[in-house]
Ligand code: G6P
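First, one chain by itself: the form predicted alone, in structure tokens.
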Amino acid sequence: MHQAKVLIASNRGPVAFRLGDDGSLRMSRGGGGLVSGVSAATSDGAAVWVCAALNDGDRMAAARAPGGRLDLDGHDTGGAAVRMLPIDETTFRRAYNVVANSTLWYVNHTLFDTPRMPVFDARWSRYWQAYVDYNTAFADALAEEAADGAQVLVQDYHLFLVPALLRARRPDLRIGHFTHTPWAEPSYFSVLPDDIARSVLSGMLGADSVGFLSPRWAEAFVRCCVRLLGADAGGTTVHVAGRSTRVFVHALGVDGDELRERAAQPDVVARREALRHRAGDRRIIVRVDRTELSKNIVRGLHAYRELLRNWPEHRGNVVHVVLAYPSRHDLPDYRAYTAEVQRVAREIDDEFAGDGWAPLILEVNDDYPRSLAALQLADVLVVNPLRDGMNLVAKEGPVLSHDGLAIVLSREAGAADELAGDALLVNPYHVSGTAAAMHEALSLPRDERQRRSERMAVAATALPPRAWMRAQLDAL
């Protein structure tokens, strides 16, 4: 087996498989900046992408692959070979659902209802062992696939332990880790049991470099290392236990040309015409989010209701297009949150609809072309997360806008670092303040809105996925 000079590791891979009715395997290409960015890594030579098999189709494809490597068209994977790991389903469920998504993700988004959660008991300890086993499977596969002195880029909170585990197996490798979420301050990160918190930090510090989307998240990580590990930190380097790890910030942006080309396709054009027909000649406020708890959709809807109550001139003249796509519906909290979004939307419609005007268009079925169409039509884009590593929707909006748009943007989104000068920043917990910002956005003169939108589009495309991936490699 040919060993790779560059390796990518992530929970979700660049492709997915499903079983057809005839028993055949059907492949679909994954989305997101990581897939787009991998071509920057593969230009340097043979590359392998290591990921988990997430469903029965993936597991069957992995089982059929010689040596675990899938024989795929490189265009679908950024030019990389793919190795899917058929991890035991119980191990995966415990590691992914309980530890990664219901604990580590909650910690770094500071989302726990702390009087009640989290609870670290004997059962949770078994779940943590599953997370260790999951990360170990990745470390073993990467060690096997890597050529001497290879570069390895490990992605996100599912794989916090991989760098140190891989370092123990292959000290010759150059290892980077990139975190796509925010990072909690030490006082909040310390809700984790002491040994778990130290394991997470030590696992990441097995890397030669660690990367974040915002200086705020990088600085919080360093403070956690100093407080919980007794590390020394100076400049952009963390020193502990005889090793040094450099800390970088790479603010992922969007590929403007690729995004605009996709938005010009017939399926997007058709959806844009349909949305315009439903909204009529009214102003359009848009939000595009997964129904993740951090996205703060419900408070955004309360703010829209307050806008209509406090500024009646907008009644009948504005439509709020809410594209809230279900996320992680195997977790009860997420199902309940989606239901709450739907309930509040119905209340707004009941209070204000009439005379041929529907104040709100809510769609909860995932439709990427419709999302692109809505961003093209938006006069105002609302992005009000409680906390977000970056939030690429805030960057896609001004790139796709046809007539310029204003953005109501949470100051707790990583994107606020770059867009603050032209977006209308809000405290995401302050419903009245968000309503006032919506009113201000609707009241901006068209030429000012256009100028702001154009400047934000420039900032949004400063570090597109390929350059972002290249920056991670250069850090090694």
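Predicted model, so just to flag it, every value in this text is computed and none were measured. All residue numbers are counted from 1 along the displayed sequence.
Below: the form predicted together with the named molecule, not depicted.
- Looking at 138-146, 284-292, 356-364, 235-243, the stretch with residues near the named molecule in the predicted complex, meaning non-hydrogen atoms within 4.5 angstroms, turns out to be 284-292.
- Within this chain, Arg455 is remote from the site of the named molecule in the predicted complex, having no heavy atom within 4.5 Å.
- Taking the partner from the other structure, the named molecule in the predicted complex has a heavy atom within 4.5 Å of a heavy atom of Arg328.
- With a 4.5 Å cutoff on heavy atoms, Glu396 does not count as touching the named molecule in the predicted complex; it lies far away.
- At a distance threshold of 4.5 angstroms between non-hydrogen atoms, Arg12 is in contact with the named molecule in the predicted complex.
- The contact residue chosen from His180, Arg94, His250, Arg272 relative to the named molecule in the predicted complex is His180, the criterion being a non-hydrogen atom within 4.5 angstroms.
- Tyr157 is the sole member of Phe189, Trp217, Tyr106, Tyr157 with a non-hydrogen atom lying within 4.5 angstroms of the named molecule in the predicted complex.
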